[in-house]
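Only one chain is shown below, in structure tokens, and it's the form predicted alone.
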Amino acid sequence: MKNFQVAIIGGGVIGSAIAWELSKYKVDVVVFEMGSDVASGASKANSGVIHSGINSPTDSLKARFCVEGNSMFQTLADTLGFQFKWVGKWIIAKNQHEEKELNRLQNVGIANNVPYLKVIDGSEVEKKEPNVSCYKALWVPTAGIIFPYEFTIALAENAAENNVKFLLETKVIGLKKQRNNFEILTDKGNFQAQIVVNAAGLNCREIVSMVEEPDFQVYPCRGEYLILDKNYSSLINSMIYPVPVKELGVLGVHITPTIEGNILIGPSAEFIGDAEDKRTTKEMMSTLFKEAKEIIPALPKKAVISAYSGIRCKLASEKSGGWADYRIEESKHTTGLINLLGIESPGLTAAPAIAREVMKMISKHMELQKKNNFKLKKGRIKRFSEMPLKEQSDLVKNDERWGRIVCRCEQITEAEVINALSNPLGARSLSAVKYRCRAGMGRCQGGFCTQHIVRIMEEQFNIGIDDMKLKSPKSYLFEKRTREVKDD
């Protein structure tokens, strides 16, 4: 049985942020993630928005950690090398009635210490956003965008480089408190830890129920998104949000630019019975496009290239209004079990601040001594397509794999795919490549590059055809041969 001081259940953005903070200290830490990579759930399937803190009630944990987290992101981006832009956000009102909601949001933001908020006439908004028509809008400059999976991967990989153990495709199936330790049963063996951090997202109730009777329910809420081609990036300059939908505890269908130039439309908000039901539907795609076109009439239907969905972890039902605050607490019944419950939006923004709060809770149980040899990753590694011609030429001369374009849409080279598959977490799926170097994210959505990535996985990493996966433990790329090749 392997022993650790701290065990984190869940390798999403919350679990990875906590792991990164702990990696700065002389603590033995393990992260159990049942997916084939970190950020395999809600942490990748969201808008990638760094919120300002105007939507959460004053004195709520959501407001506190959102505002604190927001203030940390520029330093984190500079330190860990993930891409980040302050693009700002417009919340638009179509009439005088909706203008009242803008004023309310502005007042909430001021109470939450969100700076520089301003309500502006529609004619002025149109000068900034020519394709958007509105009566008035609230300008929120302290809102930004990131790739959520890039942020999570940066946290996790730097934590792994500082000796945090990540066990991918490892599901926790049992948890027992034994005096001063927990016995953690997984499908890959048993482990012990002094502290268990429950950052399991939608599965947080299942973890709690292993040691005590939960006093809460989880209500999965699916959000679907549309992705627009980069050719239409000029449609907006900043995020465009409608006045929030009060009855569902969500922000409504908004239009969000991304770092690379694609635009996201969504999310929807549909309470569902099955937390694994991540399908996208023709009906919802049509609804999302219709609502987006009301905001941007010039939006062409041919702009849509793909769709995806994510599942929110809500602690309040649709009937009760859908809004509940975070619960970040040590169990009253099981000492050493720290539960992070209902961490939905703005969870991405709040993650680094929540991680620091959890560190304080852990410090009550053990002395945390800082490492002298903490390895800090600095700066972002440029993609080959972003490099000057001389730099590209030198790389190709030293290694011809830099000169082989694998993904034509995103201009990703074979060397970049190899680097993505060589990650310190040991993630070896097609998605692991996609989320580290963008191969497969372009217009053809992997139609050209998949065959080349498969070849690289087989030749460079000795991964058998039968073992290749798309994104999850059981998502095998090849079920069986379509024909048998016989020797003459």
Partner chain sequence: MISKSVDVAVIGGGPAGLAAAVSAKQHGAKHVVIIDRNSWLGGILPQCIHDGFGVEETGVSLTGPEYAEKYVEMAEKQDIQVLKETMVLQFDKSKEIIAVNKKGLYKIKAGAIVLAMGCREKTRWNVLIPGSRPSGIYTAGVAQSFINLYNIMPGKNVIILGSGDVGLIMARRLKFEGANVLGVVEILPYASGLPRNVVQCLNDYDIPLFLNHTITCIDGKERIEQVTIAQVDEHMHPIAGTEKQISCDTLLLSLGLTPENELSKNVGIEIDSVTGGPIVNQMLETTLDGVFACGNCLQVYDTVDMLSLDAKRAGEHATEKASLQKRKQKSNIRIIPGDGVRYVVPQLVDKSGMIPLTFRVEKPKENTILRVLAGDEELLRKKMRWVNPANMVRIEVDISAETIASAETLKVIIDDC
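Residue numbers count along the first chain shown, from 1. Remember, predicted model here, so these are calculated numbers, not experimental data.
The next section is about a form of this same protein that is not shown, the form predicted together with the partner chain.
- Looking at 438-446, 55-63, 417-425, 25-33, the stretch with residues near the partner chain in the predicted bound form, meaning non-hydrogen atoms within 4.5 angstroms, turns out to be 438-446.
- Screening S133, N163, T281, N237 for any heavy atom within 4.5 Å of the partner chain in the predicted bound form leaves a single hit, T281.
- Of the residues given (S393, N113, Q83, N190), S393 alone sits with a heavy atom within 4.5 Å of the partner chain in the predicted bound form.
- The three residues H97, N103 and V125 each lack any heavy atom within 4.5 Å of the partner chain in the predicted bound form.
- In the predicted bound form, the partner chain sits within 4.5 Å of a heavy atom of Q451.
- The shortest heavy atom separation between Y232 and the partner chain in the predicted bound form exceeds 4.5 Å.
- Although the partner is absent from this view, T79 stays clear of the partner chain in the predicted bound form, with no non-hydrogen atom inside 4.5 angstroms.
- In the predicted bound form, the partner chain sits beyond 4.5 Å of every heavy atom of Y219.
- Residues from 401-415 that approach the partner chain in the predicted bound form with a non-hydrogen atom closer than or equal to 4.5 Å are G403, R404, I405, R408, Q411, in the order they occur in the chain.
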